[in-house]
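Presented as structure tokens, the chain that follows is alone, the form predicted alone.
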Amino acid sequence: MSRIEYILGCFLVLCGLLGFVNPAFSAGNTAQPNSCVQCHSKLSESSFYGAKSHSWIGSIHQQHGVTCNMCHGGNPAATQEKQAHIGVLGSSNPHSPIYYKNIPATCGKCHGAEYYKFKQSVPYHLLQTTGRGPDCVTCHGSMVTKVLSPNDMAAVCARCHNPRMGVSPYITQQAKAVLLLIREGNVLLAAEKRLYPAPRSPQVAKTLTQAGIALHNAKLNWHTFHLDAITNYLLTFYDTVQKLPPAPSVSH
């Protein structure tokens, strides 16, 4: 890991610990009157827009104050439907923030680091040039975000990476294996932190921090889909964990 990558990783971890997000997306914003939320929440769950609105309720986006207008446009302060929908464009309009090619930039207003990495990927290039690549919604959904399981990720990748289309069909299983390693890394790091409760020695604290940065970089760089580079970060993570001294004995 280069010094620049290490410093960047420290910064990103620190931002996560401090809960740093775009001020426009702070959780307090939902306390303000929002006609989009007030109106759409009254729609039937059986309707298209009603189902979307009810899915948003309780989601991570609601928890962080991300309301309809932040992605769709419109005027949440207006009390009349016509005025409230000024500036709202349908998803088929190339100028809409939710047009499939524009979705990464829209999500990137808050998820800047992931967007930066995704722009370095081949799928992003294909999305912008041919329209055939995935966008954020492909893997994460929209109203209710998710992180795909390794099996589900392989299935999504297989839509393009399959023998019939002849586009690197081996990628699906490789991606599944890398994602499994990331998940195992999450479990391992959590277990190691429990083995070394605070107060920790400077050596243990430093090693755990370095391991956390390497794992964080692996997860962040997942959005580049450069699987070999992600694997290298994971190898750094596992090598770093191996440097931890023997765990202190637990008294009963």
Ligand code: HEC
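The numbering used is simple: start at 1 and walk along the sequence shown. None of the values given here were measured: they were computed from a predicted structure.
One more form of this protein exists, namely the form predicted together with the named molecule; it is left out here, but the text below deals with it.
Asks: Look up in the model of the complex whether Thr209 has a non-hydrogen atom within 4.5 angstroms of the named molecule, and give yes or no.
Replies: It does not: once the named molecule is placed as it appears in the model of the complex, Thr209 has no heavy atom within 4.5 Å of it.
Asks: Taking heavy atoms and a 4.5 Å cut-off, does Gln120 contact the named molecule in the model of the complex?
Replies: Taking the distances in the model of the complex, the answer for Gln120 is no, it never comes within 4.5 Å of the named molecule.
Asks: How about Lys193 - does it come within 4.5 Å of the named molecule in the model of the complex, if we only consider non-hydrogen atoms?
Replies: Output for Lys193 is no: heavy atoms all beyond 4.5 Å of the named molecule.
Asks: Taking the shortest heavy atom distance, is Ile60 within 4.5 Å of the named molecule in the model of the complex?
Replies: Heavy-atom contact with the named molecule at 4.5 Å: present for Ile60.
Asks: Residue by residue through 207 to 234, tell me which have a non-hydrogen atom within 4.5 angstroms of the named molecule in the model of the complex.
Replies: Contacting residues: His216, Lys219, Trp222, His223, Phe225.
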